[in-house]
Ligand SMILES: Cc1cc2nc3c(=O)[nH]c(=O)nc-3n(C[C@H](O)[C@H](O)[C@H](O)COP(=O)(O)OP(=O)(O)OC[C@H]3O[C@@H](n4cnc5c(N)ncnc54)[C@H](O)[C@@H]3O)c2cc1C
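The chain below stands alone and is given in structure tokens; this is the form predicted on its own.
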Amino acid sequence: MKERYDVVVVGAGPAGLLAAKALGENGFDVAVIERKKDLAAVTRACGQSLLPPNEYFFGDIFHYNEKDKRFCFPLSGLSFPYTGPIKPLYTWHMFSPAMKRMQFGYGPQQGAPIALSYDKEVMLQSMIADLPQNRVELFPATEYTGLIPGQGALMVQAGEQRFSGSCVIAADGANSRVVQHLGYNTNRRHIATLYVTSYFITGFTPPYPDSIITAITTVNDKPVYLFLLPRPTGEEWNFILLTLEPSVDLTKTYDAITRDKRYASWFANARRVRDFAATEYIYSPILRPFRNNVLVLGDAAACQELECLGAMLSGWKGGLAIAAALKEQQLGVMPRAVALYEDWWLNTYIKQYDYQEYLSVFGIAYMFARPDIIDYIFERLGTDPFPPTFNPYTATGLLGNKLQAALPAMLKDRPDIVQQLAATMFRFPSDVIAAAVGQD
């Protein structure tokens, strides 16, 4: 442990590790502190075992360099090794409460996959092995507890330990303590809280193999979202249950869903291998994520999640920005690096990838107020497959365009439903969700 580092990174997820990689490769000394004892272990519910390789996302096109076993982002100049398994997925099937279905993608015979399933623990191990060992020091089982301004430096408190650095990078996730201590949340809107359980399961019988399967259902009249994601090896799947309703017991919901006649045949031979859980706050995003020599990256600055790809790009670009800012200080030149990163963040995440579109995924059950309305919408819109995507921003745009085109026919067919839709269609999803779950 050094007496002083150039940068202290809080959080050893994809954003934090790639920020450390960028800084270390530019010759700066970095301490990365992480509360987990095993840095590569996935201990919380996480659906981000998929990466979209078929479209621009956060300003870059991700691809897997199979020959050299690397994840690559060509426009950002980022690549790192990934030595684990990959499984291509070509379709996404979305079910309504009455099992009406919409499909994104056309199948393997018609183009690139919409997602690659990968092993996140192997990816984290690969990221750690790729760090400049002479520049980046990792401190597992070291939990952030406070931030203290000092003379020309910042002091990060982690229990009895203190880490001194010129700058701090907060990459500690959606419930960031650093963000809370810096006072950002005072001016952010708390929209809702997301409750998640997930299970790695075997023996699952998918209605569509090697596809992404999602469903909207209700438990005691409360909305619950189901995500079923193929794991990259064997027959293992990741089964995720999400809700914004604190009264829903997701552990009991697993039993109810797997016995429900709509889904029971899928789970007849299913067996749970690993269990996970998480509770995540949903806030309006941070518009300007740099304050008092602290840069907030990845999920910590976002609405809820950036998707894993977004966290990677945010971490890499943010790490490069701090590296350039440190060099600016050394040379005494006019600072611009951090401002350029903040402009990228504002133009990419806030404007181009509007968090309201992301929230539309969770808002479907609230914007379409009754299950029968959701069923009707799915039936109307699901007549033909949508173009291939698993990008939530692209998907909500495609759904919105098709719904708008269908409104004249719906007005003749079911004016009562159009009238119901009119009450929410022109409101922000954040407003609809917050009102429905009691945050307003």
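Since this is a predicted model, take the numbers as computed values, not measurements. Throughout, we count residues from 1 along the sequence that is shown.
One more form of this protein should be noted, the form predicted together with the named molecule, which is absent from this view; the next part is about it.
- Stretch 308-316 is the answer when you ask which of 214-222, 308-316, 250-258, 346-354 has residues with heavy atoms within 4.5 Å of the named molecule in the model of the complex.
- Heavy atoms of A12 reach within 4.5 Å of the named molecule in the model of the complex, making it an interface residue.
- At the 4.5 Å threshold, heavy atoms of T142 reach the named molecule in the model of the complex.
- In the model of the complex, the named molecule stays beyond 4.5 Å of every heavy atom belonging to I169.
- Proximity of L407 to the named molecule in the model of the complex: non-hydrogen atoms within 4.5 Å are absent; the residue sits far from the partner.
- A heavy atom within 4.5 Å of the named molecule in the model of the complex is found for one listed residue only; from L182, A323, L242, M367, this is L242.
- Out of the listed residues E280, D119, E342, E137, E280 is the one that sits within 4.5 Å of the named molecule in the model of the complex by at least one heavy atom.
- Contact annotation for the candidate site: R35, S49 and V196 all lie close to the named molecule in the model of the complex (heavy atom within 4.5 Å).
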